[in-house]
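Read the single chain below, which is given as C-alpha cells and is the form predicted alone.
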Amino acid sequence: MSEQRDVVPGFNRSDYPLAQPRMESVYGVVFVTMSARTEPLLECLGSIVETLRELVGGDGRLKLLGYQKVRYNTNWKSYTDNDGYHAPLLHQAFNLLNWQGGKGRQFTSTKRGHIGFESELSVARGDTMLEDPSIIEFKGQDPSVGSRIVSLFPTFVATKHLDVINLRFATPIDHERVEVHYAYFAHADDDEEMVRHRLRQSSNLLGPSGLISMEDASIFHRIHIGNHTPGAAIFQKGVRDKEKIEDEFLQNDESGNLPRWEYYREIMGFERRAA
C-alpha cells in the first residue's frame, strides 16, 4: 500500500491494521467477535442453541419492553459462579409462595464453558399473599419447562422464567464491582394483555426491587467478602469423578460450574493441581 497523505512521512497503513470484527446472529441474538480464530457461531454454541431458541419465543421475533442496569459489589467471577440449587435456599419469596422447582437438567455443549438449564416449575400455591397474583402466573405454551437459562462464557446470561424474557450483559468495572445490563422483551405476536403481563412480571420478579433481584444483590456482596477468606472452594454436589469434566448434570447439581472453570483455567494457562 502506498504512503498515506497528511501523516508522518513513511507511514504505511498496512503496518497498522485494525482488527476486523465478525458478526453472526441466531434467533435474533447478534454475536460479535474480534477473533479470526473463533469457530462459526452454531459450532460455538453447540446444542445449547435449541434452549436459546425456546427461550426467545421459538423464533427470536422480540420487541424491547424495558431496560435497567445495576452495579453489584462483587467480582464478575462471583456474579457468574451460580449453582442449580441456590433458588429455594436463597430466595425466601419462593418459600413464602410455596413455589419450588421440579425436575430439570443442566448441560454444556462445547468446551467453551457455556451451560444451559431447563427446569420444571410447580404452580405457586401462595398467591393469596400477593395483591396481584398475576406476577407469578404462567401463561406460556410449555408448562412442562417453566424456566430456561443460557449462560455463555464469560458474562452473558439469557433467562426465560415463567413469562419473563430477559437478556443480561455483565461488564466488570474493577476487581470488586460488576455492572449488569438487563433487557426485557415481549414477543412480536403478543397482544396488549400479554405485553402488560410480561411488564408486571418482569418488574416484580427481576426488576430493581423485584422479589428475586434484591436477594441476589445481597448475596453477591456476601460471597465477594467470603472469597477473600484464605482457602479453596470445592464443588461436591453432582461430582461423580474428580478427574472428569462431565457435560450433563441434574438440575440441583453444583458440578455444572466445573466446565466453565475448566475453560477459564485453560485460557488463563493455569496448571491443574494433582488430586
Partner chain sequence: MTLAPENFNRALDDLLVADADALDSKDMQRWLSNYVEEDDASYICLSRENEEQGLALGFMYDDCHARLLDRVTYITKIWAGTFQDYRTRHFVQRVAADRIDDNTWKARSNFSVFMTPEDSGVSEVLATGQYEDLVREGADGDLKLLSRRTLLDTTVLPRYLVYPI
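Numbering follows the first chain given and starts at 1. Bear in mind that the values here come from a model prediction, so they are computed numbers and not experimental data.
Only in words, not in the display: the form predicted in complex with its partner chain, which the text now covers.
Picking from 74-82, 109-117, 153-161, 191-199 the stretch near its partner chain in the model of the complex, with a 4.5 Å limit on heavy atoms, gives 191-199.
Contact between G58 and its partner chain in the model of the complex is not found at the 4.5 Å heavy atom cutoff.
Among heavy atoms of L167, none comes within 4.5 Å of its partner chain in the model of the complex. Residue contact with its partner chain in the model of the complex: I135 places a heavy atom within 4.5 Å of it. In the model of the complex, G46 stays away from its partner chain, with no heavy atom inside 4.5 Å.
Proximity to its partner chain in the model of the complex, defined as a heavy atom within 4.5 Å, holds among T229, S35, S209, Q236 only for S209. Relative to its partner chain in the model of the complex, residues L64, N204 and M214 are all within 4.5 Å by at least one heavy atom. Residues of 221-260 placing a heavy atom within 4.5 Å of its partner chain in the model of the complex, in sequence order: H221, R222, I225.
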